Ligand SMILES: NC(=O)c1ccc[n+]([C@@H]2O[C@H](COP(=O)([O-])OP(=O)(O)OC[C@H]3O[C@@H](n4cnc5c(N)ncnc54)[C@H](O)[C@@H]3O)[C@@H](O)[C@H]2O)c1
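Taking the form predicted alone, here's one chain by itself in structure tokens.
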């Protein structure tokens, strides 16, 4: 398939940046945005994985370029924005998705782990938003954050992660208030349990064996009215909605994508 073979999509002619784009939800979003016509900058700390994803999608006729980005480093984030401008001359939508998770309540999580999670999830979101906002003002663009149901309701044993995602929720609402009159819409999604390599690795680390691993997975899903794991592609669909003109009268919203967890449990 070539560029000319594709029908016009929701993001045709637009430039999108996806941080944390090389794996999991970010990977699904990079592909979904590209298939909707965007020129996508896949930004990730794992440059090898980002380049491999970009190469696969370019071979399929899509417009994707990879860049190594550390969202905790202001100069790296600035370089990411500059690269997008150099390639296409514009930035229309940015998915602030890069994040990490550590477990532990306030008595067990180390200060180093707390600081790392806050730096990536909260400060990284701030630095990304600050780097791209002037360009989103120029294009009347959209900014979409990946928050979490944990940032809305809390969950036992993840104090640092919960606090960092709570900060993302608050930042989303604040930026929406600050920039609505400049034409920029800012929203967030709050995913529930999504089956990714990262989520599986966390359960593997806790499991004694395969049987225990499956029991741990079942315990999580037992809390969900739609009793299964979410898939990255399902999250990417909502990200696309918020990134595109399909959500043109929405800003400041935190959208749970969680199998009914928050409202129905």
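Residue numbers count along the first chain shown, from 1. All values derive from a computational prediction rather than experimental measurement.
What comes next is about the form predicted together with the named molecule, which does not appear here.
Student: Hey, in the predicted bound form, is residue 191 touching the named molecule, heavy atoms inside 4.5 Å?
Tutor: Result yes; residue 191 sits at the interface with the named molecule in the predicted bound form.
Student: Quick one: does residue 23 come within 4.5 Å of the named molecule in the predicted bound form, counting heavy atoms only?
Tutor: Yes, residue 23 is a contact residue.
Student: Would you check, heavy atoms only and a 4.5 Å threshold, whether residue 234 touches the named molecule in the predicted bound form?
Tutor: Because no heavy atom of residue 234 falls inside 4.5 Å of the named molecule in the predicted bound form, the answer is no.
Student: Quick one: does residue 172 come within 4.5 Å of the named molecule in the predicted bound form, counting heavy atoms only?
Tutor: Close contact is absent here: in the predicted bound form, residue 172 is far from the named molecule, nothing within 4.5 Å, heavy atoms only.
Student: Counting non-hydrogen atoms within 4.5 angstroms of the named molecule in the predicted bound form, say which of 82, 140, 72, 153 makes the cut.
Tutor: Only one listed residue qualifies here, and that residue is 72.
Student: To test your reading of this chain, name the stretch in 42-50, 29-37, 57-65, 208-216 whose heavy atoms come within 4.5 Å of the named molecule in the predicted bound form.
Tutor: One stretch meets the cut-off, namely 42-50.
Student: Relative to the named molecule in the predicted bound form, which residues of 122-145 have a heavy atom no more than 4.5 Å away?
Tutor: Read in sequence order, no residue approaches the named molecule (within 4.5 Å, in the predicted bound form).
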